[in-house]
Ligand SMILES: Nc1ncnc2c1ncn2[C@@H]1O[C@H](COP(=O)(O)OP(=O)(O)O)[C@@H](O)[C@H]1O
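Presented below, as structure tokens, is a lone chain in the form predicted alone.
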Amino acid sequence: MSEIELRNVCKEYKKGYPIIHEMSLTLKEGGFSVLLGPSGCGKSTLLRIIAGLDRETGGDVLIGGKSMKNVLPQDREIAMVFQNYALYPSMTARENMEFGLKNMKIPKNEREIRISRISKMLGLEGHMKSKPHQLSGGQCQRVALARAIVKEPKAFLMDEPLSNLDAKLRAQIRRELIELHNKLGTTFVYVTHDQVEAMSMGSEVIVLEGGKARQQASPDEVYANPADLFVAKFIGAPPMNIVDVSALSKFGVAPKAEFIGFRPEKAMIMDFSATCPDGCVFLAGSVAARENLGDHSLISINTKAGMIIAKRFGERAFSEEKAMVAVKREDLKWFDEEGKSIRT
């Protein structure tokens, strides 16, 4: 088993200033779990606690149902891939891959089999004699991955492994990681602040903020039904539009609702003089900005409820100076005064 369970885990570097607040999570065996959040939310700290590189102040970490309380990092049967690759500069790609296997006392014949298989899987056969300074960033990242894979761990922990790559290479390695997870079927725990990585790669996303888990769900669920205002505003590019209920009070609201949210692609934009469709709520305003982004446009509308962003697909940007924003009632999300989602 490679399920990872956190039971009331907390972490303080300074007494009274917790980095992680009594967090309880279960990361599924064989899943691709992504820890997503802004800088300083505790996601890398949490990963280091799972790896045993940092000691939790309280609570417990279980891997495969076994407590890690007194288990050293090297004995946890996990492999970690770092942001900066952490390759030994004096060693070749092959030597970097083999180093951990030697420490594990894997017989030479078995080492040869594993290295040959994994180097072929990651397209590294022609670079095995090269040292890190002779390799590109993408090749170094593949060597770092290969070094982790050859150990055949119970789980892979990855701390923003793509952040040092350019956009094109990041997209390529992202696809390769998805394929790799499908081939290996091993538990992946991946840290990132990039929601594109999180939403495209993860089988589940855990949104963190201030050392707390705001929501744990599939990417589709996190996007469509955010658990609170933080998730609603953090997920999406552009993020969800949030409106005070007083701006739409005459349409009737969910009990205890203080805020209403809707995604930019759910906002229908039309000429100011047009009649809004039945069953919609609407806001009138003036066009503040237009952005043409190829396959879609973003229109910013200044309304009495604040700035609203609408996304239009496959059309030219709206050319009028005044506009009406209409949203179907079923596309509205409701939040209470504490910012928590209200299911209707």
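The first residue of the sequence shown is number 1, and the count goes up from there. Since this is a predicted model, take the numbers as computed values, not measurements.
Although not depicted, the form predicted in complex with this ligand is the subject of the following passage.
**Student:** Of these, 63-71, 24-32, 291-299, 39-47, which stretch puts a heavy atom within 4.5 angstroms of this ligand in the model of the complex?
**Tutor:** Among the candidates, contact is made by 39-47.
**Student:** Should Ala326 be counted as a contact of this ligand in the model of the complex, where contact means heavy atoms within 4.5 Å?
**Tutor:** Because no heavy atom of Ala326 falls inside 4.5 Å of this ligand in the model of the complex, the answer is no.
**Student:** Evaluate Cys10 for contact with this ligand in the model of the complex, applying a 4.5 angstroms cut-off between non-hydrogen atoms, and reply yes or no.
**Tutor:** Contact check for Cys10: no, nothing within 4.5 Å of this ligand in the model of the complex.
**Student:** Is Leu332 a contact residue for this ligand in the model of the complex, using a 4.5 Å heavy atom cut-off?
**Tutor:** Heavy-atom contact with this ligand at 4.5 Å: absent for Leu332.
**Student:** Are there residues in 319-344 with a heavy atom within 4.5 Å of this ligand in the model of the complex, and which are they, in order?
**Tutor:** Going through 319-344 in order - heavy atoms within 4.5 Å of this ligand in the model of the complex - there are no hits.
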